[in-house]
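Before any questions on how it binds or moves, here is one chain, the form predicted on its own, in structure tokens.
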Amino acid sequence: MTKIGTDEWVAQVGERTEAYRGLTAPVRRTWDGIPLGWRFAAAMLLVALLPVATDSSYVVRVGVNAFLFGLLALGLNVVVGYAGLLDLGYIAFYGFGAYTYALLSSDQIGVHLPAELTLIVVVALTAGLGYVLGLPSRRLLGDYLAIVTLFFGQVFVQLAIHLDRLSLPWADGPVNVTGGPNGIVGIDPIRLVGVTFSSVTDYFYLLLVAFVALAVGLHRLTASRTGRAWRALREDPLAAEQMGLPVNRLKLLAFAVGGAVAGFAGAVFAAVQVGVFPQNFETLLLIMIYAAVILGGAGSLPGVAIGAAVIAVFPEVLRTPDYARLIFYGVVLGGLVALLRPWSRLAAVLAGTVVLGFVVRFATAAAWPDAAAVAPGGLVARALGAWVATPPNATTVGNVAFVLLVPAVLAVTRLRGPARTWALPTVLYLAAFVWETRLVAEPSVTRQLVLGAILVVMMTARPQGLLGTPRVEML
């Protein structure tokens, strides 16, 4: 609660002093003393070394996807994080930009415009489309605006699928505009100022430059009068209007800027993939971009960038079982270390979990000798093979355990004191059993579940996201 007449910065001096205590205090103090611009430059310099540090085109491709996610998250952050408008049709701008670039740079309609002109046309058209979509926002807010924009996103996908048989009065037969379910292929690479971007590494550096330029531009924009007006609109549209701010014009501008950014990202995506297809722009991608904004913190440029990197890279890491195990058990152990106090309680929970695991393992091995086989994989997998029970019908038992794990986790969050300490070893072992028997072997399912769990935990522990600013209500 904010008190009138109180200097918040002075009142919070105790909290800031407390934050610089502990073993990591010198590192945190030094890091916070570095200007934001230098920190951003250092981070981008390290990222720029990725293609040099690896000879894997797959790793570089993941970096390209991370930058595309980053551009989309920055654009969505303008609409959602700055202006506070719930846009569920945002991914349609991404698709519109991709299809527009494909039409102007392929044999689909026989047009091959220069990339410089094509990108300008794409950005201008998507900005105009954003302006048009923003027109209903003058009268709609919240859920009503979300429904309208969601309808727009679904309409775009349906048009992309069915505009391969468009009947025009002046045409002799149906005109194939979007290629239908087969999409558009054979798209020209981007050529700028005489440089042809023909490899994944080339597009990695193109997106790096674009991401840096956009981030710097949005940072300057947020410090301008327009950025401050957007934030006022986000906090209270009625109060902003009463203060004389052009609310409707600010909404339309936010939609236009967000649409332009998504359109540019879509154009680069089409060039990188050398083809566009309707399934590239479905609702799942929208959920992923929203997850990046929510995870990093709506309204925070560094937070949104970090969220996009996590959402883009994290699922790829989970494809490898050994890496997935390290992340899963590392996160569980880190959570226990951060939440359980005193240390004797943490030691009791860990010891109880280990003992329970060996007891169940020996009992399972006695009933099913085949279960004593060591799990394949790296060092972590071999260690778990001597601890986690793996019965012959692991799939069925794992499914049952997964069903039991969900209410068990919910129940342990409601317990307090010694009851939670006694229950935690069972829940932890059940989680390890489900992970080893079901989730680690199915990365396509595991990635969605893990990301969902991360978002649920984040929204519970820190609703404003990693670097977002908590909303303060005036009383």
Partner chain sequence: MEFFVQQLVNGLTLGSVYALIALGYSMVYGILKLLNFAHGEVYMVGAFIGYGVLTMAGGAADPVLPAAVLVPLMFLAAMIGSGLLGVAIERFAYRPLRDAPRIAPLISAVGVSFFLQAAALLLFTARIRNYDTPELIPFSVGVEVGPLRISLVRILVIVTAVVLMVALTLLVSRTRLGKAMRATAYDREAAAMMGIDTDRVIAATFFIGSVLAGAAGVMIGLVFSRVFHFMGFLAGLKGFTAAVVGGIGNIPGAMVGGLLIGLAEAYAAAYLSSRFSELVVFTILIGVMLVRPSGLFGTPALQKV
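Note that the structure is predicted; figures quoted are calculated from it, not measured. Heads up, when I say rigid core I mean the largest set of C-alphas that superpose within 1.5 Å between the two forms. Residue numbers count along the first chain shown, from 1.
What follows is about the form predicted in complex with its partner chain, which we do not show.
The candidate spot formed by 148, 155 and 453 lies fully in contact with its partner chain in the model of the complex, as each residue has a heavy atom within 4.5 Å of it. Exactly one of the stretches 118-126, 158-166, 300-308, 188-196 approaches its partner chain in the model of the complex with heavy atoms within 4.5 Å, and it is 158-166. This chain is drawn without its partner chain; in the model of the complex, the residue among 328, 211, 131, 402 with a heavy atom within 4.5 Å of it is 402.
In the model of the complex, residue 140 approaches its partner chain with a heavy atom inside 4.5 Å. Among heavy atoms of residue 171, none comes within 4.5 Å of its partner chain in the model of the complex. Contact between residue 445 and its partner chain in the model of the complex is found at the 4.5 Å heavy atom cutoff. The closest heavy atom approach of residue 91 to its partner chain in the model of the complex falls outside 4.5 Å. Applying a 4.5 Å heavy atom cutoff to its partner chain in the model of the complex picks out 399, 402, 403, 406, 410, 413, 414 from 394-418, in order along the sequence.
Once both forms are fitted on their core, the CA shift for residue 51 between the shown form and the other one remains under 2 Å. When the rigid core is held fixed, the Cα atom of residue 446 travels 2 angstroms or more between the shown form and the other one. After superposing the rigid core, the C-alpha of residue 437 moves by 2 Å or more between the shown form and the other one.
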